[in-house]
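Consider the single chain below, provided in structure tokens and representing the form predicted alone.
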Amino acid sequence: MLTIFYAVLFYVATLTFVGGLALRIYQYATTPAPLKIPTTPGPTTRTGVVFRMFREVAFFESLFKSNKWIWVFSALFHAGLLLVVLRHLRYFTQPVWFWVELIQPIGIYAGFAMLIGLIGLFIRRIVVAMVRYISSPSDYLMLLLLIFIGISGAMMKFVSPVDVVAVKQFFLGLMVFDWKPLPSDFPLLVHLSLVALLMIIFPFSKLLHAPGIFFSPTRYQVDNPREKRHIVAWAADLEK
């Protein structure tokens, strides 16, 4: 029954995550931007926009310019999360890709970096008055959810080790609809439950800033309002 429950849970979570994310991206992509509102000074060419977007996504350029200590915690969290997610690819691939094997030791320390970043961002929402004023309960809950995902993952590594071979067999089996027994270790069940919950609520939360940044007019628009008139497609049709 435990295996069946978590198998169904992850099917539902995956469908919700993929379907919800695809719907949100479609909504973002089809929403018109009637105004020319790039953050100035901005790039005046499409190539410049690409480089600006890369710096924003990879290095959080605007955050670095506005607040250095928040940038440190944010960078620790996002970089750590990326390495942790890539490290977990070993549970979904057979044979494991060579570069996934190479980052396994780094991924362990990345988990601690992720937790430090998350705790720093959580404390920021409590101690900084302006941030606390605009924070909603969901902001705290999302941070706590990510923190407990990290803590439960660390517990499986350093406190109560689980049978990672059995866990891998379970997830490989899910991918081909051949369910294998799932270990019943408490930290593992907590970790998987929280991850599934995160996948389910992701398309409906503020975590959508991850794909949303690519559809933000302040970032993807070229800063050339004087050189070229900005007209959205539906407005152009009305002018004809």
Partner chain sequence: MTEETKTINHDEYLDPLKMAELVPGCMSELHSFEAKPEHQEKLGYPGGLVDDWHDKAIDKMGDLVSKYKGLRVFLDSCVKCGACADKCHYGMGTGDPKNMPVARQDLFRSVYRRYFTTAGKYLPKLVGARDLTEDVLDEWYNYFHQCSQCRRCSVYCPYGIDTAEISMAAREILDTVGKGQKYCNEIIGKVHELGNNLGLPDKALRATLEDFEEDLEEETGLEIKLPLDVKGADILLVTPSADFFAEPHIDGLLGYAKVFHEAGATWTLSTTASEAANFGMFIGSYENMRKVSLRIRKAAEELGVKRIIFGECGHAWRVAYSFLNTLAGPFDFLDRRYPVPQHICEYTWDLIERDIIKFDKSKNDEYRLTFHDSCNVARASRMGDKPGGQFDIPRNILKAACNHYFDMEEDTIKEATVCCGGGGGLLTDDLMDLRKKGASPRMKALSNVRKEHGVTHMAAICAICKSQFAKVMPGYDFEIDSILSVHQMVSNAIILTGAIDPVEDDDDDEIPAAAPDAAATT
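Between two forms, the rigid core is the largest collection of C-alphas that superpose within 1.5 Å. Residue numbers count along the first chain shown, from 1. No experiment lies behind these values; they were computed from the predicted model shown.
Beyond what is shown, the protein has a form predicted together with its partner chain; the following relates to that form.
Query raised in the report: Would you say all of Val100, Tyr109 and Met155 touch its partner chain in the predicted bound form, counting a heavy atom within 4.5 Å as a touch?
Result: Not a single listed residue reaches its partner chain in the predicted bound form, so no.
Report task. Answer for Thr93 alone: is it within 4.5 Å of its partner chain in the predicted bound form, judged on heavy atom distances? Result -> Outside the cut-off, so no.
Query raised in the report: Does at least one non-hydrogen atom of Leu63 fall within 4.5 angstroms of its partner chain in the predicted bound form?
Result: It does: once its partner chain is placed as it appears in the predicted bound form, Leu63 has a heavy atom within 4.5 Å of it.
Query raised in the report: Just to confirm, Arg125 within 4.5 Å of its partner chain in the predicted bound form by heavy atoms?
Result: Arg125: contacts its partner chain in the predicted bound form.
Query raised in the report: Closest heavy atom of Val8 to its partner chain in the predicted bound form, within 4.5 Å or not?
Result: Flag for Val8 set to no.
Requested in this report: Quick one: find which of 133-141, 111-119, 82-90, 161-169 has residues within 4.5 Å of its partner chain in the predicted bound form by heavy atom distance.
Outcome: Answer to the contact question: 133-141.
Query - One residue of Leu208, Ile200, Val49, Leu192 in contact with its partner chain, assessed in the predicted bound form (non-hydrogen atom, 4.5 angstroms) - result: It is Leu208.
Query raised in the report: Heavy atom within 4.5 Å of its partner chain in the predicted bound form: which residues of 209-232 qualify?
Result: Stretch hits, in order: His209, Gly212, Ile213, Phe215, Ser216, Pro217, Thr218, Arg219, Tyr220, Asp223, Asn224, Pro225, Arg226, Glu227, Lys228, Arg229, His230, Ile231.
Query raised in the report: When you overlay the rigid core, is the Cα of Pro225 off by 2 Å or more between this form and the one not shown?
Result: Yes.
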